[in-house]
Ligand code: ADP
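Below, in structure tokens: the form predicted alone, a single chain.
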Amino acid sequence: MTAESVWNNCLNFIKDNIQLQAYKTWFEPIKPVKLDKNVLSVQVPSKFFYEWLEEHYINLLKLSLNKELGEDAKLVYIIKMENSFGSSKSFTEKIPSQYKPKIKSQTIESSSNFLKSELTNPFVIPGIKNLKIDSQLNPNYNFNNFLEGDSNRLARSAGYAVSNRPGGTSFNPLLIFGGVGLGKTHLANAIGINIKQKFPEKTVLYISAEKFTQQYIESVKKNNRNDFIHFYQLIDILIIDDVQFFSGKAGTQDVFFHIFNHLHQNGKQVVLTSDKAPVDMQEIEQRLLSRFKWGLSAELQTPDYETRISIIKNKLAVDGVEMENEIIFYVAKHIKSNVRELEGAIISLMAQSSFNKKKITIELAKVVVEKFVKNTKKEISIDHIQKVVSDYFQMDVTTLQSKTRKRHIVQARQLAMFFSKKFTKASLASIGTKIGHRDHATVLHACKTVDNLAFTDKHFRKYVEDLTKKFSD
């Protein structure tokens, strides 16, 4: 008999006695290492993995081993850990199974000084031992109050499809991107909430990229990196908010790459949010960016006038406040930048009315909106940039967007693309679509051309300086 043959026979017995998903999660990763008489040594990925087996499958392991090696069979776990203290070598920790109480000893083979931590999981998420974890979803962010409009229809529809068939659509991963306050976090939470309602047996976890990074750094400090990875590999639906936070963090990107691969290969759903499209992300490894593009990248854009009216009416209905249409239309017309600021203006208006015991009138709305807009940083739109550039070169916007290759028109178009990238949070693809239906590669080329010409051509540099002043006024 060999370790491989004994363990394969054990696996055949185990597979017949547990659910297939549990078998794939907890037994397929185990590797037989050595058979010494009646002692079988197997390698497991982490201490957390070992703890789970001992707590949940001890009797099954005992029955399968006794069947192969007799009543005196013994099992020893070998945990291959990564060393985070400067040595390139790994170390192993051998731990005997507790179902034979007479085996008390445990040895550590290490290539460097290492203080062994207790066999406890490093994470603060409650209930990790039985995977009944807190999903950390915000119940206020659901599909019912995420109103659909032209600006978000694709992202909302894709999110809803994912929530009905997590891991079962081509939208895996689903990357939702857009500027501040457009509803990325809301939609990500809505997806998680809908999944929890329809598939209560699935494990859903929402976490910010910043918190994920902090957990990873802590796991490296405590030499629990394997536990960290394995924990995240157990999640059925992983939702990471603001994934652009991974930029420049090589260690975090590397560990997320491995977690992502495992989840994707096992049909688990990954949902990501970002303030920019993958093509615009800086200091993110190409291998990770390529995986972001495997599924669907859906943009949330600034809501149009009709959608803004719907958002205001929905907010008023939820709060039980009545407001005349004239006031609703006025607020929707003047607060354009994003949903968060729009709702903030309505809240301010209701507060002014309540605290001062005044009726909400158009005069009050004008006062509140004026103060609100004045204190809010004005975002320059792509349409405004095209108008300013067109006026500067004494042409109309239609000419700027045309397919002509005349030099002065091409340069004006490239400058419009350059300033759109500089002053807006729109993706390269969105900029290209707005400026004559070009693709993102054309916009990227335009930005590089403007940078080069501004450095080498003094006349062109003056164009850039003049236009920059106009946008700063």
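These numbers were taken from a predicted model, which means no experiment stands behind them. Counting begins at 1, following the sequence as shown.
Absent from the display: the form predicted together with the named molecule. The rest refers to it.
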| query | finding |
| --- | --- |
| Interface residue in the model of the complex among 254, 304, 134, 343, criterion: non-hydrogen atom within 4.5 angstroms of the named molecule | 343 |
| Answer option from 185, 223, 390, 297, heavy atom within 4.5 Å of the named molecule in the model of the complex | 185 |
| Partner proximity in the model of the complex: residue 380 to the named molecule, non-hydrogen atom cutoff 4.5 Å | no |
| 4.5 Å heavy atom contact, residue 339 to the named molecule in the model of the complex | yes |
| Non-hydrogen atom contact residue 180 with the named molecule in the model of the complex at 4.5 angstroms | yes |
| Contact test in the model of the complex: residue 147 vs the named molecule, heavy atoms, 4.5 Å | yes |
| Interface segment, criterion being heavy atoms within 4.5 Å of the named molecule in the model of the complex, picked from 359-367, 321-329, 381-389, 139-147 | 139-147 |
| Residues in 227-266 close to the named molecule in the model of the complex, defined by a heavy atom within 4.5 Å, in order | none |
